[in-house]
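Next up: a single chain in structure tokens, the form predicted alone.
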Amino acid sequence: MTEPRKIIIDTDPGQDDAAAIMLAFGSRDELNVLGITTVAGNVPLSYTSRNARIICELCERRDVKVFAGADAPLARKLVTAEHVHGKTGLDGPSLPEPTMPLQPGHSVDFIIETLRSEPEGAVTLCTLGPLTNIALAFQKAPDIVARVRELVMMGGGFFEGGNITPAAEFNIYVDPEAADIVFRSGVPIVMMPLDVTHQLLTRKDRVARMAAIGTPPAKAMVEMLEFFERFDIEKYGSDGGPLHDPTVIAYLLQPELFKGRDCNVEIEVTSELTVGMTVVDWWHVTDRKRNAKVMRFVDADGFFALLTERFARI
């Protein structure tokens, strides 16, 4: 039996972030969640830090440490997405306020200390929101970059365009300067863009299979998805909305579900029209260094089968 892979989840919950965290909690044999770090994104930091603890308590994982991190992007005003996620970020189910405390200390310091104390190449960073905490950690402690096993992230888009502007995906758009620092850092990156997540629709039959599990976490997740998907159904005219963030955790569990290629990815930080765009050299038309494994295809049925099976274990 191999040791579970050590991960830090950096997140801005968000209903789809909740699904990603729950997928990790349902996969204890494979994944050891060293801590959850929160960042402002989908909703302000006070809500993302609250929501992470609500999810831990819902899944009876009060042992997982939650740290609050950056409350604003590096160089811009915070843009949030209450129009998608609701005022709290977890709108949908009625969930009690968390009783477990936030840990003392800042997310950035927890990330640095953990990467320094664990063996080199032992810790994977799983980022589900803007990359502010990661960029701050890399700036404060450049020595940790070489210690990261891999950074698996949800963010960006190329053939699919953007979802907050025509060119930009939300997580990158909120803090493009942070994304730029991370993509230039040399850390091994796996990128889950909208091109993948838009193939993963919460169709009624898929949600029904989750509902059939019947446990409190599964029930809460179904109610979250029913709230969350209404925005995307209206926007895209689809049966169900895309489920973005669990792709990060699914990749660690079953990488064979995904197909992509190594590309150069640059982040646009200056253009008013395309700020936050991930400029992906998919066809290798430049000689710029390939700095990310960019995913493009996913086995949607396999992904939802994994999600349902692991939710049933919580």
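Numbers follow the displayed sequence, beginning with 1. Predicted, not measured: the structure shown is a model, and the values here were computed from it.
Below, we refer to the form predicted together with ligand BDR, which is not included among the displayed structures.
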Check your understanding: Heavy atoms within 4.5 Å of ligand BDR in the predicted complex: which stretch among 144 to 152, 70 to 78, 239 to 247, 109 to 117?
Key -> 239 to 247
Exercise for review: Answer with yes or no whether residue 124 is in contact with ligand BDR in the predicted complex, where contact means some heavy atom within 4.5 Å.
Suggested key: no
Review point. Heavy atoms within 4.5 Å of ligand BDR in the predicted complex: does residue 163 have any?
Key: yes
Check your understanding: Might residue 37 be said to contact ligand BDR in the predicted complex, defining contact as any heavy atom within 4.5 Å?
Key -> no
Exercise for review: Give a yes/no on whether residue 183 approaches ligand BDR to within 4.5 Å in the predicted complex, heavy atoms considered.
Suggested key: no
Check your understanding: Going by heavy atoms, what in 38 to 68 lies within 4.5 angstroms of ligand BDR in the predicted complex?
Key -> 42
